[in-house]
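To begin, one chain is listed below as structure tokens, in the form predicted alone.
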Amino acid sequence: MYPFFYRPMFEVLEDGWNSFLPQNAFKGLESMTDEWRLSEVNKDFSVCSSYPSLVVVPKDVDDDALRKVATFRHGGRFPVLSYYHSKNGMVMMRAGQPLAGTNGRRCKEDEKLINATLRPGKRGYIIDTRTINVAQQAKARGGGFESEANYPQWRRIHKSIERYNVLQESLIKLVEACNDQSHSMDRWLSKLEASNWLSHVREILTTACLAAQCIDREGASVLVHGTEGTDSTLQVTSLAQIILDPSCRTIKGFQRLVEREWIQAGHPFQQRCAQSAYSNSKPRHEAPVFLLFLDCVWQILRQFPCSFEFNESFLVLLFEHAYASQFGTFLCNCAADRARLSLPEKTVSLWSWMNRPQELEHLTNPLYEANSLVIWPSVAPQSLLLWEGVFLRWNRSSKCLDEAYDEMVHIIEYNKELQNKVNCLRRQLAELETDEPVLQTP
């Protein structure tokens, strides 16, 4: 309730609620391709309660077809555009599972929709974040997956990203291990391994790399879904974009990604981030899905320290505000709930506070150098580390880290000064060489 009573003590220079609207993002897409359109089929949230009012869909698919597809997908989450790869025109879409059931129900409008994303003669990939066994069990409950007979142009790949109850247990075990003061190395390593936290991180990163590889190296479009399409699906689509798209590694670009792929896409923050790992009770839908995503981003940031405009503090800040915040950005479960409670009018956006110059100064990575290339993180077990900045933040002194950070900033500034002097001397040398009289040969 606090965000509704909070009144900012700072000047709001930018209204964060209007910073990342779908219609503004679509203008950028329009400049690259005319194969997509912005649909208002869900303007009253009646087609899909967890989708925003505006969604990007293939131009050749009308709104009536979208309504039929919504009845065939879990929670009405019909396939929508998640990312357009400007390098080769391939796309990544996300959705809920198809409601095929044991009878093998099909929907021709659904088949037409996802086939509309394929180039002539090209195949696509469906990345199902569940194992084949879990997907088969879902089929018995009315869910399921896309059959090869009905989707012959698509190759289905099953991965094994765990669902929320398993993830919450993993977080609880990890926090217990981090708070264990016994100082026994064997005990610490045993508890860390038993939590399976880093295994979850690895599986999510592996699946995201697979999606990025299909798009960038295979030149194929991708559809990602699990069961609901609001958890593991968003982890994969978001991380794949960070790997592929340099703009997502900037501060504003990452905020736009979180807004589009998490907040507007219907990740149920109110359910997933209800009480954290320290709660005595265990709410059924509690899960560290967003925290795992941020952990994966930190792993990539650590491997590519110069490719991100933001630093670790930026990620930690997002983690904190997802669980407890005076701002309204992470409130509610979906856009429909936020509209019903009039959050943009009654609360302040986190982005309004975060994007002020005095705050950005602490969140900016001094090592950043714009990198236009695709970055491929290592998912080898040796490459993945425990995120100390979150899980051991109270167990370590920040003094040495702060001193090291200040020294690094000092070295970078000094290096810039030297570089400026070098450039100045080069210009002076060039001027002297130009002014020298031409020697006359006798």
Partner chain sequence: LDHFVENVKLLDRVSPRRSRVGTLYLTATHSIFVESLAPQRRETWVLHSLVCCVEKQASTESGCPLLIHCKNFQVLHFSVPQESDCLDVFLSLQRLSQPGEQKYEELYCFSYKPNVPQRRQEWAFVDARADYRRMGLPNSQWKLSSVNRHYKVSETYPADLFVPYSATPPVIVGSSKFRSRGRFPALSYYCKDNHAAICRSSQPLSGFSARCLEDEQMLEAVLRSNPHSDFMYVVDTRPKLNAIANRAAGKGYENEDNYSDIKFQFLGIENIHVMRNSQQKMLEVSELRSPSMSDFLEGLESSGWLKHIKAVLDAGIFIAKAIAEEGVSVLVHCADGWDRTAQVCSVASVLLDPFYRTLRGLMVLIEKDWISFGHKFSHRCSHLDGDPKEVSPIIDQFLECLWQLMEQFPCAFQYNEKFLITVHNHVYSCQYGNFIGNCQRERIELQVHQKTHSLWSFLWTNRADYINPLYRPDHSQTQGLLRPSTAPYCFKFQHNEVHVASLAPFLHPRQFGNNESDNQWTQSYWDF
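Model, not experiment: these values are computed from the prediction. Numbering follows the first chain given and starts at 1.
Missing here is the form predicted in complex with its partner chain; even so, the following discussion is about that form.
Participant: Just one of V379, V47, V61, L54 has a heavy atom within 4.5 angstroms of its partner chain in the predicted bound form, so which one?
Facilitator: Exactly one residue meets the criterion: V379.
Participant: Of the options Q137, S247, N371, N150, which one has a non-hydrogen atom that comes within 4.5 Å of its partner chain in the predicted bound form?
Facilitator: By the 4.5 Å heavy-atom cutoff, the listed residue in contact is N371.
Participant: Taking 4.5 angstroms as the heavy atom distance cut-off, pick the stretch from 197-205, 164-172, 95-103, 113-121 that is near its partner chain in the predicted bound form.
Facilitator: Among the listed stretches, the partner-contacting one is 197-205.
Participant: Thinking of K252, Q326 and L350 as the candidate spot, does its partner chain come within 4.5 Å of a heavy atom on all of them in the predicted bound form?
Facilitator: Zero of three within 4.5 Å in the predicted bound form.
Participant: Though only this chain appears here, would L343 touch its partner chain in the predicted bound form if you measure heavy atom gaps against 4.5 Å?
Facilitator: Judged by the heavy-atom cut-off of 4.5 Å, L343 is well away from its partner chain in the predicted bound form.
Participant: Determine whether any heavy atom of L384 comes within 4.5 Å of a heavy atom of its partner chain in the predicted bound form, and answer yes or no.
Facilitator: Flag for L384 set to yes.
Participant: Using heavy atoms and a 4.5 Å limit, would one call E388 a contact residue for its partner chain in the predicted bound form?
Facilitator: Yes, E388 sits close enough to its partner chain in the predicted bound form that at least one of its heavy atoms falls within 4.5 Å.
Participant: Is it the case that I157, even though its partner is missing from this view, gets within 4.5 Å of its partner chain in the predicted bound form, heavy atoms only?
Facilitator: Judged by the heavy-atom cut-off of 4.5 Å, I157 is in contact with its partner chain in the predicted bound form.
Participant: Going by its partner chain in the predicted bound form, which residues of 292-329 come within 4.5 Å of it through any heavy atom?
Facilitator: R302, Q303, F304, P305, C306, S307 sit within 4.5 Å of the partner.
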